[in-house]
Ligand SMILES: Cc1cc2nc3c(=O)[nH]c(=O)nc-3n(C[C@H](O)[C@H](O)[C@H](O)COP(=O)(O)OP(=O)(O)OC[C@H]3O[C@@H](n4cnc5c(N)ncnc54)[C@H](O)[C@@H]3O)c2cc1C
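A lone chain, given as structure tokens: the form predicted on its own.
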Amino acid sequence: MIFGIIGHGAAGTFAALRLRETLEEMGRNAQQDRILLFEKASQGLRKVKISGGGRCNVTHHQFDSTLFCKNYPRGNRELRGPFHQFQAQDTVEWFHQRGVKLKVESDGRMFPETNSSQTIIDCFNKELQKNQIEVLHHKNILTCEYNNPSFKVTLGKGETFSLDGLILATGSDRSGYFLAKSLGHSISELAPSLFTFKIGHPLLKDLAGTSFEKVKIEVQTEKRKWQEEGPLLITHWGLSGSAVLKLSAWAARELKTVHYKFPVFVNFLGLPRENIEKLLIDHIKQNPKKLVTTIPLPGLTKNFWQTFIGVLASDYPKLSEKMMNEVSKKEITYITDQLFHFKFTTTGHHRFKEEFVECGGITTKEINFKTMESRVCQGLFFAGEILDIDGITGGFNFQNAWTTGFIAGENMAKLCFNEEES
């Protein structure tokens, strides 16, 4: 039999490996069954390569599946069953059995101990070769026809393959949506997720690279508002960091409807207003004869503090020239208010090149999540980001890929093998 998987990314690769493993458990071998892994680019696993700043955030150290599901703005209910079949703890064990140890960071993210995504790629390439999976690069699938019970895929220059089972794992590539639609599936509304906020503001100018350990951030549209807390990073184009990325995920479709122009409110210290005011007053008392701009408030960098006071000087012109003990009660109130609830306005969105996630995809009601098989087209399976499932930053999107790939590969083997037996 010949099995086809379109997409040599995280989900497609994991599906191919589980497919071969399941076939072997059934007594099949590589001489009886071919597994073809199609990839239109010159190389696969590109998101694995660049994810986590080149370290690859493999999964998250949360082994309670119910809690794990809460990190998916879309797909949290659908993934409850699949995570009982293969969850984060299983991912850790899968890599450990193949000589790749994962480490846990303070925020729960898990990376290879080598801090290199190449470790994960090398592991996969070794497994693909060992399991005699044929990886075919520069293979762009143009059309796919269902000729019950097989599939016919056509590539460029008229090259065709007849497949006994098919898995679509093309991520957010539009070609995957086209193929799925041609086989009877519908696609939910698409929108970028996990993107940074594009903001032009004097406070952010010349502060790229400045980070905050824990802020509270809020975005609003006319219909509703979202809040998040966590690390914040000032970039050349605006605001990033996990707090921003999480907000962009939860509000993905709504932010698209307002064309990515909306107010953003930041609490730079992540504290209640009264705590910030007390901190500021104590800071002034401890440094009465120092210039306001000389010593930053605890928790803030000197460059940020100087720029921040300079920006506030547009409303209080003499503020940056004052000694600490010259700051008035009115100015203390103003500084406190701005630290607690500083307003920005976005001018668009910004993606990390290829390192982003798409909100939207194959409508989940058309998928049997016990097997990842299509409810529309027998023998067709889905895995990964092509589905209308996406998680926040922290390893959750890769876990979706591992889990759905694992289940799709296993059940395609079972389906096709049982059909052959009958």
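Don't overthink the numbering: it's just position in the shown sequence, from 1. Note that the structure is predicted; figures quoted are calculated from it, not measured.
Although not depicted, the form predicted in complex with the named molecule is the subject of the following passage.
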TODO: Choose from 83-91, 287-295, 138-146, 326-334 the stretch whose residues reach within 4.5 Å of the named molecule in the predicted complex, heavy atoms counted.
DONE: 138-146
- [ ] Please pick, from 50, 26, 30, 376, the one residue with any non-hydrogen atom lying within 4.5 angstroms of the named molecule in the predicted complex.
- [x] 50
Open item on the list: Just to confirm, with a 4.5 Å cut-off on non-hydrogen atoms, which of 276, 100, 179, 234 contacts the named molecule in the predicted complex?
Closed with: 179
- [ ] Report yes if any heavy atom of residue 127 sits within 4.5 Å of a heavy atom of the named molecule in the predicted complex; otherwise report no.
- [x] no
Task: residue 65 within 4.5 Å of the named molecule in the predicted complex, heavy atoms - done: no
Open item on the list: Please determine whether residue 248 contacts the named molecule in the predicted complex, using a 4.5 Å cut-off between heavy atoms.
Closed with: no
Open item on the list: Quick check on residue 7: any heavy atom within 4.5 Å of the named molecule in the predicted complex?
Closed with: yes
Task: All of 75, 193 and 360 with a heavy atom within 4.5 Å of the named molecule in the predicted complex - done: no
TODO: Could you run down 55-75 and flag each residue that has a heavy atom within 4.5 Å of the named molecule in the predicted complex?
DONE: 56, 57
